[in-house]
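So here's one chain in two forms, each on its own in structure tokens, numbered structure 1 and structure 2.
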Structure 1
């Protein structure tokens, strides 16, 4: 029987309580065989908690554990040797971890890419590119599978052919948000899905801040791409700070609400990502194996194409705006836009809104 699984699944006994129990009882196995008298001798536990433990001993947990294994979900407890080293050392480390797929090996470098769910096109592009380049350097990208920056980070890593892991705020057998189902399976294939909540647990708002401590805990470096002030991404940054991780933020314009959180982090001393190349260099000079991504191909554009390309920004611009700025006629502009899009220099993010490709 897996005693750790039993311990992690006692209703009413949370992560903190488990830690306090083990501090006195030693291990899950010892706790399981501890008589009621012995339990009551432990200090600092109420009647409710003791009742919960005693009652749970009567119930079989093994069938549920076996079904879970059969579904391809593995379980790791704090007591296991395979438990991720990075996570072991953080305060309030989760006792049990449910894993689909695999986690990065202990020596592997990991970077978390986090940020707003409702991000700008620019933020998405940055996250994707960071993810891709990091993956090419052999770094595992950790994030939360949420919409926006998280997804872009995962997608970038997948495109870069690297490993990526998602930490969920619900059971690992659920995909939240549902719209990311495709991404969920892609991540599963190239990496793993992790959660401290048992399979079948529905996502609740309070699970997500707790989930963020695991994202930070699994990573060597946390990168915040876009965050409003007082957002979930800043909670991740706080955890990272507490856990002694390096924090980097992508700077933004000062009146940009989506960058307010990032700019604040930079002011508080977080590392600034001025360019992806620069960031990678900085990482490799420290703890990272040094590989630099190949530089971009030089732009070889014709005169008009260059004119339009230089007007297209990282903020989506409408055709109207481009017409005004370039002074081209509609057919001329459209032909150039079409050519630039075909060649992948710009993308249409929304109907008739164009941005530069990073």
Structure 2
């Protein structure tokens, strides 16, 4: 019998109650065999909790557990050695995790990409590019499979040929939102789906703020791409701050509601992402030393391409300005600009004016 699975599925016994029980009983197995007299001797528990534990012992959980395994869903408890190390020491760590696919191995570098469901096309492009370049550097992208920024981060990681994991606010056997069904299976193929809620649990609103602590907890760094002044992404950032994680945000226009949350985070001390390659370099020199050294330069085929790219910024520059700054000939510059546009590093905003793509 899997005693941890039994404990995680006692009706009316939540995560914090489980933690308090184990602090006194020692393990799920010891709690299972503890006589009723011993249960009543535990401090801080009322008749309701005692009754729930006693009555649950008479219910056979093994068939449900085996059925779950047959569906390709595994269960990890806090008592298992394979439990993610990043989650162990966070406040209110989930006792049980239900997993389809696989989680990142302990020690693997992870970055969460979160943001608004109703995002702008700019925000979607930034999240997708961040996910792709992080994946190319061997970093696992964590998010929540929600519409908008979350989905873009997952898709970027998949496009980059890397691993990505989704943390759900429902059972792992349910795809929410339903419109992301194709993405759900793509994530499952290249990474994993995880939840603290048992299979079949419906996506209720109260579950999503709680799942955000797991998104932050599985990550070394949390990146907020777009967020309103009150949003679930800021809840994730709050959890990340509480857990001692690094927080980065993408700045936006001061009159844009989708930028209010990000700009506020930056004002409060979060790292600011002004370009993807600079962010990668910062991670490589700090949080992830040696993970992605000179990652951007390796993506470029020729030194002239890097020279031109370094001269292009978030303000459109004309061909004349670039000729002056790079000292290249017109044919050389034209060839490099075409190559950079083809690879998605720059875009032509209007005729002969170029801007850097994040």
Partner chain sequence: MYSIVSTAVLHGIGSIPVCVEADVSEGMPIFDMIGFLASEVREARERVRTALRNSGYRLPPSHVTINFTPADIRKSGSGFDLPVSAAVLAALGVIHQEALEGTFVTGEVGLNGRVQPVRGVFPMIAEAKERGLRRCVVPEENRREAYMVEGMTVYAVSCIREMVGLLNGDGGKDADGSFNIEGTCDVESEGAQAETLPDFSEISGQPFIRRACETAVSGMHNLLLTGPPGAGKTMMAMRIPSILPPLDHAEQMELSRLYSVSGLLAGRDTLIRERPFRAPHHTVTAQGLAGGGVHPKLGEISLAHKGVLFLDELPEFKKETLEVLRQPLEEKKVRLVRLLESCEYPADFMLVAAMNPCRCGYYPDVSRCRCTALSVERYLGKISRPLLDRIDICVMVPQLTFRELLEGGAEESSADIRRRVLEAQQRQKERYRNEIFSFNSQIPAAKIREYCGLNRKQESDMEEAYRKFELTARSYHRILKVARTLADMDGHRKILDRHLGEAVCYRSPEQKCFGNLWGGGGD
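What you see is a predicted model; the values in this text were computed from it and never measured. Here the rigid core means the biggest group of C-alpha atoms that line up within 1.5 Å when the two forms are laid on top of each other. Residue numbers count along the first chain shown, from 1.
J.: Here are two forms of the same chain; which is the form predicted in complex with the partner chain?
T.: Between the two, the form predicted in complex with the partner chain is shown as structure 1, not structure 2.
J.: Would the C-alpha of residue 309 be classed as shifted by 2 Å or more between the two structures after rigid-core alignment?
T.: After core superposition, the displacement of the residue 309 C-alpha between the two structures reaches the 2 Å mark, so yes.
J.: Taking the rigid core as the frame, does residue 343 move its C-alpha by 2 Å or more between the two structures?
T.: The answer is yes, as the C-alpha of residue 343 shifts between the two structures by 2 Å or more after core alignment.
J.: Is residue 334 one of the residues whose C-alpha moves 2 Å or more between the two structures after the core fit?
T.: Yes; that C-alpha moves by at least 2 Å between the two structures.
J.: Once the rigid core is superposed, tell me how far the Cα of residue 352 moves between the two structures, in Å to one decimal.
T.: Comparing the two forms, residue 352 shifts 21.6 Å at C-alpha.
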